[in-house]
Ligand SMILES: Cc1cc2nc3c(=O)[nH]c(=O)nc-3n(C[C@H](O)[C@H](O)[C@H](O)COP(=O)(O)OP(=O)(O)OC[C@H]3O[C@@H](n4cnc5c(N)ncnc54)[C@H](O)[C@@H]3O)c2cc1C
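What follows is one chain in structure tokens, specifically the form predicted on its own.
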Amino acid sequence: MYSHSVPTGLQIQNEIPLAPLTTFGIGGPARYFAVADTETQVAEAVAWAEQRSLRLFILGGGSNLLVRDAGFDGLVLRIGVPGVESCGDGCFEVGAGEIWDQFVERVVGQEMAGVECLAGIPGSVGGTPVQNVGAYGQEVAETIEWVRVFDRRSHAWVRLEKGACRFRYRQSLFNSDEPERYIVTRVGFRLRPGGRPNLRYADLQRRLGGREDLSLASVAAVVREIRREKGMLLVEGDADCRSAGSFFKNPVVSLDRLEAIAAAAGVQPGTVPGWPAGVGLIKVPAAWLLERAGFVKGFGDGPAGISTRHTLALTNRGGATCADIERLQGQIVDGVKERFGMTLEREPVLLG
């Protein structure tokens, strides 16, 4: 291994293992790897890759990533831009390299509402607008005001206001409309000083016993407890945590399909769970579909399996390869399609 340096102090290293940089703990090396702690270094890294006709991949916290066993034959750039600046009236400017859960803990402690149900989610701040991170009735799009990005097409720095980010369920401009064009370096949030916690999510309401007089910190703590019980909170030594969180997206279907879904599941019409997802649409829990197709918690007898605590999490039980995870993914997708006629979509990014 050796490294190249550019005038900004950016160090570009060779053959760096990527598995330790992901929550899955899976995957081969990056041919080249660098950490950008400043926006200048981000631009320098892009130029360095372009001059050598190399593919460029932007790495955040590695919590929504599955790396192929052969690794990545290009430059992996980890965004480490730091900083949390309070701008008053609930507004914060946050560097993309900040740890998301630490930011949540900080603002919840300041009685700023808007992200309390997103506590315990692994990864960095820069990854949240890309995926439009959401959980327990909240989406990060509800509080994002703007995103500062480097436009790889125009080689210019741009501030994109909320509407330009095209947020929708687990999608945005950054991962769906124009993937690989923009590199997020800073995010602007507007929270609600002294606001009440979001208690829309049914599972959270049941856990809280219907109470609505709880503090933001109390709700965030309960969310972390739920995530821990499901193996969705990173805990050292816990095999169920070696995952990328929810592996499949909850499919959105038309309301007129619910009767057929109920029949395929062998349940009474009107009992299929779901959440409104627009006019004439409903979001059906992917976990519910998996379980009724025979893919229950603990499924699998090899190094890759379904979490013992969370149906949607595929886990690395120890020594799993990307190929192992992809085989299990294929088995599940085929089984759900055969039972329900629906094709599940993978949520984590596949690199390589």
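Please read these numbers as outputs of a predicted model, since none were measured by experiment. The first residue of the shown sequence is 1; numbering continues from there.
Keep in mind that the form predicted together with the named molecule is not shown, yet the notes after this line are about it.
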- Message: The chain here is shown without the named molecule. Which stretch in 254-262, 160-168, 68-76, 181-189 comes within 4.5 angstroms of it in the predicted complex, by heavy atom distance?
- Response: 181-189
- The single option of Asn198, Asn250, Gln131, Thr143 touching the named molecule in the predicted complex, heavy atom within 4.5 Å: Gln131
- Message: With the distance limit set at 4.5 angstroms and only heavy atoms considered, check whether Ile58, Ala135 and Glu347 all reach the named molecule in the predicted complex.
- Response: yes
- Task: Evaluate Ala96 for contact with the named molecule in the predicted complex, applying a 4.5 angstroms cut-off between non-hydrogen atoms, and reply yes or no.
- Result: yes
- Message: Given that the named molecule is not shown alongside this chain, does Ile121 nevertheless sit within 4.5 Å of it in the predicted complex, heavy atom to heavy atom?
- Response: yes
- Message: Even though the partner isn't displayed, in the predicted complex is Ser63 close enough to the named molecule, meaning a heavy atom within 4.5 Å?
- Response: yes
- Using heavy atoms and a 4.5 Å limit, would one call Gly114 a contact residue for the named molecule in the predicted complex? no
